[in-house]
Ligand SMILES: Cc1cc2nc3c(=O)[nH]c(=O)nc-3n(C[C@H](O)[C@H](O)[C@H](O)COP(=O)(O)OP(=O)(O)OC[C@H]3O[C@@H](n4cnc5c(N)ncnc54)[C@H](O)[C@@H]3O)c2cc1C
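Quick setup: one chain, the form predicted alone, written in structure tokens, and binding and motion questions come after.
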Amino acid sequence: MYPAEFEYFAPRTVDEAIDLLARHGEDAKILAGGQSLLPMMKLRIAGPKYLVDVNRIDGLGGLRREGDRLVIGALCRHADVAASALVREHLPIMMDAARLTADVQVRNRGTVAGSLAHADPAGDWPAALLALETTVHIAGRGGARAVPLQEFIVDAYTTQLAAAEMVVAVSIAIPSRPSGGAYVKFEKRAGDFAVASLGVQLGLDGDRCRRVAVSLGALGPTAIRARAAEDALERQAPTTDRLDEAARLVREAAQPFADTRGSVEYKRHLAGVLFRRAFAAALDRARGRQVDIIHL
């Protein structure tokens, strides 16, 4: 199918892009990677009258370290994250998410910021980055603001972004060592939407967990933090009994709905299984072992 007719703009600065968004309001959409927006336009699910292509704006690409944070520009592609030595060294959970995102075409064109702004409940980046201290940086007519990811996504496909605002960067705190993280997902076929996904980020203090974050994807209207499971492991040695209890709490935290991908009971069971796999990989990485995550 073909999209409905639209007017196309290619601003050269953030201010110009924001002016266009303010002028055209809800009828305008930003085009970055286009891997979510364009298919929706072709299916006539979305029909913006104006497209604001931000790909020609200098300074929105790439990723870099600024102090103790990793800064990802709004035009940073999934493939850029997957190829980053900085990410591989400090944030392997993000390496997992980048490699498990969709297919090669999407990874080469799609952007991390665009994925967060799209706020798909089954998206990889909201689930993976919720396990980290992630901040979304927004520019708009009213100035710049920084919003924690937990607050930025408010519901399925709904964020805090106003009509005359755009995401310009995403920043993530680099965890202190020893630490490790992992992101896993189960899908019916490679590149499909997740039936369930799960991220774990942890730090170690000797044999005890210094900090634990557990995030769930495709198991509710937004990505979910399993706070009770985190509390059960905080400052504790990860014994079999404690992990069994944490897995139970993860299943309780899940809020899935039944669809063609599985029943509520099935998806809750998956949440527990994925938690054990993600935790084991994160723990190995925190202990200095190399672990590769594959499609499940």
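Everything numeric here is computed off the predicted structure, so don't read it as measured data. In case it trips you up, residue 1 is the first one in the sequence shown, and so on.
Keep in mind that the form predicted in complex with the named molecule is missing from the display, and what follows is about it.
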query: in the predicted complex, does residue 271 have a heavy atom within 4.5 Å of the named molecule?
result: no
Heavy atom of residue 39 within 4.5 Å of the named molecule in the predicted complex: yes
- request: Spell out, yes or no, whether the shortest heavy atom distance between residue 110 and the named molecule in the predicted complex is within 4.5 Å.
  value: yes
- request: Mark residue 248 yes when one of its heavy atoms lies within 4.5 Å of a heavy atom of the named molecule in the predicted complex, and no otherwise.
  value: no
task: Determine which one of 121 to 129, 219 to 227, 140 to 148, 205 to 213 lies within 4.5 Å of the named molecule in the predicted complex, judging by heavy atom distances; exactly one does.
output: 121 to 129
- prompt: in the predicted complex, does each residue in the set 33, 100 and 192 place a non-hydrogen atom within 4.5 angstroms of the named molecule?
  reply: yes
- prompt: Using a 4.5 Å cut on heavy atoms, which of 86, 71, 161, 82 is close to the named molecule in the predicted complex?
  reply: 161
- prompt: Does any residue in 232 to 250 get within 4.5 Å of the named molecule in the predicted complex, counting heavy atoms only, and if so which ones?
  reply: none
